[in-house]
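Before any questions on binding or motion, here is one chain by itself as structure tokens, the form predicted alone.
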């Protein structure tokens, strides 16, 4: 990262418990760190829960950190797909929204797709887009302005399964499966994608102890208690759905987009061409990656496949300590 130049970042998300960890991480760095990074917008999509709820949860997290100056966009297109409220709770955050102050809805409701288009036009090849949910908004931005995705610096997206099982079907991961047609359009539209698949995110379980290590102090507070309860809820559902092979904790899938943005040195991977199957009977929604050893002149993605777990935990816990959860 060029420390003489501020990096503009936009995050497109569907909060969602693991989105909350990604959002808090980027918001805390935006507001409290000395990094030359600026969060220029948060756009929300249908996904883990419905659009009204993902929108409200993004606003809640801004209020949680005290970063209410960041514009937040809403998804206005309904996708005919099953959400993940059975995993994330009816409100998307472990049915814990009552623990937080009532969400303050802005007078003017911004549109997610318009925000993405405007951000790319304003910041061009300096802008990094993080995607922690379905690619609906990103694909719609490309439909509205063909070629626009290729103008941004890069898109760091959590999604897909390359050489491991899916988590929504035997071969498909939730973010891709929820709106596979949009994902296919994005991979076909640009060659600047950094993909973080389940192959990487399921390599480390985030535990209660890891969450406690992220607190700046041990004083009881509503914010600390919310994070504890969210961790407990997410751990419980991960165990129930046998996600972690009996290791007590949960996967912080989406937080790796922030990890890759701020700490790229802890990740390793390879360049591949990625496409999404939208029609197969048994392989529908699969992220198709040709890993054979043959010559190729073009690829559209860098796929992160390994990371240093200790350095990741050090990064996320020490960064969280910049924020006083004891308030």
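Positions refer to the first chain, counted from 1. Predicted model only: the values in this text are computed from it and were never measured.
Omitted from view is the form predicted together with a small molecule, to which the following refers.
In the predicted complex, the small molecule lies within 4.5 Å of some heavy atom of residue 173. In the predicted complex, the small molecule sits within 4.5 Å of a heavy atom belonging to residue 18. Interface residue remark: residue 132 is counted as part of the site for the small molecule in the predicted complex, having a heavy atom within 4.5 Å. Contact annotation: residue 88 falls within 4.5 Å of the small molecule in the predicted complex, judged by heavy atom distances.
Here the chain stands alone, but in the predicted complex its contact with the small molecule, taken as any heavy atom within 4.5 Å, falls in 246 to 254 among 113 to 121, 100 to 108, 246 to 254, 224 to 232. Think of it this way: in the predicted complex, the small molecule has a heavy atom of just one of 48, 57, 287, 44 within 4.5 Å, and the residue is 48. Of the candidates 183, 93, 141, 158, 158 is the one whose heavy atoms come within 4.5 Å of the small molecule in the predicted complex; the others do not.
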